[in-house]
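Shown below, as structure tokens, is a lone chain in the form predicted on its own; questions about how it binds or moves come after it.
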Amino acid sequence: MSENEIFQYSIVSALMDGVASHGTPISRVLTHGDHGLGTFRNMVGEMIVLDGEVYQMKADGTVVHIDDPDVTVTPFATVTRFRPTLRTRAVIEGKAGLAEYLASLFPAARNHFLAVKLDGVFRLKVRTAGGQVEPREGMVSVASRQTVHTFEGVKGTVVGFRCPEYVMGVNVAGDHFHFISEDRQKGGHILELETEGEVDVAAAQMSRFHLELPTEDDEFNEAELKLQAQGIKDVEG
């Protein structure tokens, strides 16, 4: 794939229906991108892909570097070969403030995708999912047991995407970001975010989207995959 093209494995509606027992090796995902996010088999923890390295952020607060991407499987991931087309610095107040700021940077990107990376010092609330307790348990049920952590004055990196409204159910419409600390010891899916002073902002607008669906997967084949827009919004925060 070329630079700043999205590659996605499976769809978020599949996670909503509990399709998470199988997937694709993370090594395959990394052939398509070096920046992104996702989850792991059985929705155990949050995935962040940063500079081509993959980390699993678990509900117990630990972070694991994935050093066996050939055998570690993801049921859902979104990545890109990130090459920023815009770099700047900014103070961000809240997720809504970040949404407004990105819209001001890319006024013609309402119906396009954005890849985003922030580096600096943050105050955040993040969540990590503990995973399924039984096969085909849906994401709403899994998220009901999520662990929430609050971090103050932590230096690190925010990685994620803005997706247009029309992909809801395929991906998560709007902003979807994960965080990992500089020391790679803490992180998760971002629920709340503010910066402490200015942070470095890097972003790129994208217009090419590549989707690969699971094959030979009974869970995916038998799932209803009906749009659960409100459920997705509730889970993703």
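All values reported here derive from a predicted model rather than from experimental measurement. Numbers follow the displayed sequence, beginning with 1.
What comes next is about the form predicted in complex with a further copy of the same chain, which does not appear here.
Stretch 108 to 116 is the contacting one of 140 to 148, 67 to 75, 108 to 116, 124 to 132, since its residues have non-hydrogen atoms within 4.5 Å of a further copy of the same chain in the predicted complex. None of the heavy atoms of residue 55 is located within 4.5 Å of a further copy of the same chain in the predicted complex.
Contact annotation: residue 210 falls within 4.5 Å of a further copy of the same chain in the predicted complex, judged by heavy atom distances.
Contact check for residue 214: a heavy atom falls within 4.5 Å of a further copy of the same chain in the predicted complex. The shortest heavy atom separation between residue 16 and a further copy of the same chain in the predicted complex exceeds 4.5 Å. Contact with a further copy of the same chain in the predicted complex, judged by any heavy atom within 4.5 Å, is made by just one of 170, 202, 191, 44: 170.
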